[in-house]
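To begin, one chain is listed below as structure tokens, in the form predicted alone.
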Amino acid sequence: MGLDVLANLLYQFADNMAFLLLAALGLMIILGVIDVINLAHGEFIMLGAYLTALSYNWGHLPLPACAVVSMVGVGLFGLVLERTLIRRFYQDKLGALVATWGVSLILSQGILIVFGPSMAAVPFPQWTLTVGASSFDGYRLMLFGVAVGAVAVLWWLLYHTRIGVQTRAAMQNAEMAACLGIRIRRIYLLTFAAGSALAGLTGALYAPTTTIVPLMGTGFVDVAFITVVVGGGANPIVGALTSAAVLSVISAPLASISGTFIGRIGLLVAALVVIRFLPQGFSGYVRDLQRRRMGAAAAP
């Protein structure tokens, strides 16, 4: 295998993994901690892209500042939505699905009415990296670095901060955690806001790469749900990394050889296979494996 072919495959893998991680991470956090499926996740990503376009074209802010504005803005929107609507459905999963689906319709149609069918584009940063005879988009490689960095920050928050310990306790047994004095509603509020903020960051980062329209979230939400299902909700970090890596290994060569459509078909087939043999996803399998090892070590 030549250097150019290897570099191209690695680039395709990094590009696919960044897309899957960024699209699914916020959704997976909310599912893993709160056990709520947010059907408005794609519209949260769309809001991030719109805030980026508004900040760039009207506010004349640089792209990094636009990303911060989008992340904070969508995070605050998620915080308000959790306080006013989502928390009413924590004991009603079907009701939460219907409620978030209604929010998605209101957001997409509201944006269409206010801003029209499309938004002014955000220019794509022209960064290139040359390897041998091949050139690659530096911006998309940067997206891979941001995705890995987001996972690293999330890992640090969960395992090295007080709020992270409380969040993991709420994930394992919310009732017991509440008996120990942990404010579960506060954990859920911050979790939903954090997942929303990650969706806003995703929309900001991919705003230069796509046409900004009210229904653009549908291009993210399908792969996001596939990644979440394959990863499972037992551990957001393990689930996100393992599912994104495995799915990228499958989809990247297929997309490179046969196009994006065949790559998406490969994702679906891989998801079906994983669900057949690992119904709880990769993170559920890792959790069960750890429990079996702990049980074997404790046995006399």
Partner chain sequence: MKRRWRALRDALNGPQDLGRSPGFWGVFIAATIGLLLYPASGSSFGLSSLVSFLLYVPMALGLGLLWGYGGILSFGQSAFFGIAGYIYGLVAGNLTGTPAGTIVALVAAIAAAALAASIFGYFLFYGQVSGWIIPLLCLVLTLILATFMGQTAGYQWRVGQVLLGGYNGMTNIPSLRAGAIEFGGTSTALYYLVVVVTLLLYLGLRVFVNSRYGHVLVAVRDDPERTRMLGHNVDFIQVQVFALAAALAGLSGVLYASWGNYMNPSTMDLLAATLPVIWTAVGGRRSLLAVVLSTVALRALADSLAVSGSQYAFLVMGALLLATMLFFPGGIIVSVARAWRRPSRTRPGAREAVEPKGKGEVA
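Residue numbers count along the first chain shown, from 1. Being a predicted model, the structure only gives us computed values, none of them experimental.
Keep in mind that the form predicted together with its partner chain is missing from the display, and what follows is about it.
None of 35-43, 243-251, 49-57, 62-70 except one has non-hydrogen atoms within 4.5 angstroms of its partner chain in the model of the complex; the exception is 35-43. For the options V148, L157, L105, A121, the residue carrying a heavy atom within 4.5 angstroms of its partner chain in the model of the complex is L105.
Contact between L190 and its partner chain in the model of the complex is not found at the 4.5 Å heavy atom cutoff. Contact between R83 and its partner chain in the model of the complex is not found at the 4.5 Å heavy atom cutoff.
V273 belongs to the set of residues with a heavy atom inside 4.5 Å of its partner chain in the model of the complex. The closest non-hydrogen atom of F77 lies beyond 4.5 Å of its partner chain in the model of the complex.
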